[in-house]
Every structure is written in structure tokens, then in C-alpha cells.
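Presented as C-alpha cells, the chain that follows is alone, the form predicted on its own.
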Amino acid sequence: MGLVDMRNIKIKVRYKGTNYCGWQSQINGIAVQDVIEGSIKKVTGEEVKLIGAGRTDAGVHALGQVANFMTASSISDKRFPLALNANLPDDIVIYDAEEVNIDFNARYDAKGKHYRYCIWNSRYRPGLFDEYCYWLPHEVDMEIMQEASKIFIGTHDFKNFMSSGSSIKNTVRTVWDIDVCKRKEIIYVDVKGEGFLYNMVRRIAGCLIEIGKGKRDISDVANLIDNEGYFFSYMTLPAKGLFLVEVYY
């Protein structure tokens, strides 16, 4: 069957990353991609390659992951969510599907992403919400965290905010906006930008906590950006507090 007979289906996915080795298929565990591809095979009878917009790490969650796959199935795009969800575990759900241009690629056509890091800021542990946030039982200065966050906005070399283990050579990225706010016990760090380095958002959030606790100065953050020769140790927050909220096209 030729490409002209194929259809390109774009899906939106929510998932809890706790039980998975990440989005992308790996040899060391079960990935979200593997599970969805298995569901597609059950529904269509086809072996497909699911293309995701972002390779979320082990333990990272998603509210708005986007992916696409090619199919020769005649199933209506609007029927795909219910059909696929019937074969998916409770921690993965397809909540939208549409047929798109045959050339659409969820990864390469993405213009930017919105990530959110959740911090439980209370003397008492999060309990029910433990799998979705980092517990910070110390008081922090929200105003200074908000002020410091604005330093990250713009196009900068974020080499000092990339964890080791990445083979990326170009460490310049553009951050469109950062919002730091607190609602009841939860501090939300929302970061929007064109693209992100390995653990970049988790390291930005960790650095802001150091600022909020008074362990570092705002000038330290400014020196970390665009400065290869300047570095200090700060927290890379755990994966469980990170969410991929939205992908922009």
C-alpha cells in the first residue's frame, strides 16, 4: 500500500509517568510510546511508529503530549480516542485525535513547549500528591523567586542548566516566559520556550528554590547564564514534579 493510501493521525495524550521509563521506547523498561503503539496494533492490526513531540524522562508526567502515526485504517479520527483508551491502562489516556496533513511531524513541526514544575511548600508532606510534586518544607521568599525567574527569559546559553549525560553541543535556547506563583500549598513554576536542554526546567526550578531559601543571590543566577566559566552546585529537582503541559504548533 502506497503513502497516498495512508492517513496521518495526530493525538493528544495525558499520562502519569511514574510507572514508565519515559515517553520514548528504550531497552531498559516500558515506555509510554510502547503502550500506545500496542493499543494501536490491537485496534488497527498495524505495527506503527508513534512520533512524540517531546521525549519526557522517566517519572515525568504529561497533560498535553502530542504524537502522530500513519495508518491505513478507515476508523474515523474522532473514534480513535475511545478505541485506543479501551486498550490502555488507567494512567494513560488519549483525549483528542484528528487527521492531519500527511507531512505533519509531531516532533519537528513543534514550535515550542510549556512545562510546569510543582513544589509542595508545607511543613507537612504532600501525602496523596506525593507522586506529582517535590516536597519543600521550608519557607521561601516568593517575591525574590519571581524576580530571579525573569533573568531566564530571552535567548541565552543554558549550558549551566543542563545535566550531564546529554550529547547536545548547541546549548543556546530561547525562553519565552516564566511564571512563578503559589496557590495554597503548591508553588508552580511555568516555563514556556522554543526548546529545552536535558533537565533544564528541573534545574531552573531547583535554582529558584536556592534563591527563595536565601542560599544564593540573584546575581549568582545572572552569572550562571551565558557564562561557561561560572558554576555553583544546586538542586536538580526530581522528575515526579514535572509536567509537559502543552506543545505549540
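Don't overthink the numbering: it's just position in the shown sequence, from 1. Quick caveat: nothing in here was measured; it's all calculated off a predicted structure.
Only in words, not in the display: the form predicted together with another copy of the chain, which the text now covers.
Note on the interface: of 153 to 161, 104 to 112, 123 to 131, 138 to 146, the segment with non-hydrogen atoms within 4.5 angstroms of another copy of the chain in the predicted complex is 123 to 131.
Contact annotation for the candidate site: G195, I204 and D226 all lie away from another copy of the chain in the predicted complex (no heavy atom within 4.5 Å). This chain appears without its partner; in the predicted complex, the one residue of I75, I168, V172, V93 with a heavy atom within 4.5 Å of another copy of the chain is V93. Remark: W23 does not count among the residues lining another copy of the chain in the predicted complex, judged by a heavy atom distance of 4.5 Å or less.
Proximity of I178 to another copy of the chain in the predicted complex falls outside the 4.5 Å heavy atom cutoff. Although the partner is absent here, L88 sits close enough that one of its heavy atoms falls within 4.5 Å of another copy of the chain in the predicted complex. Using a 4.5 Å cutoff between non-hydrogen atoms, V48 does not count as a contact of another copy of the chain in the predicted complex.
Contact annotation for 43 to 75: residues with any non-hydrogen atom within 4.5 angstroms of another copy of the chain in the predicted complex are H61, A62, L63, listed in sequence order.
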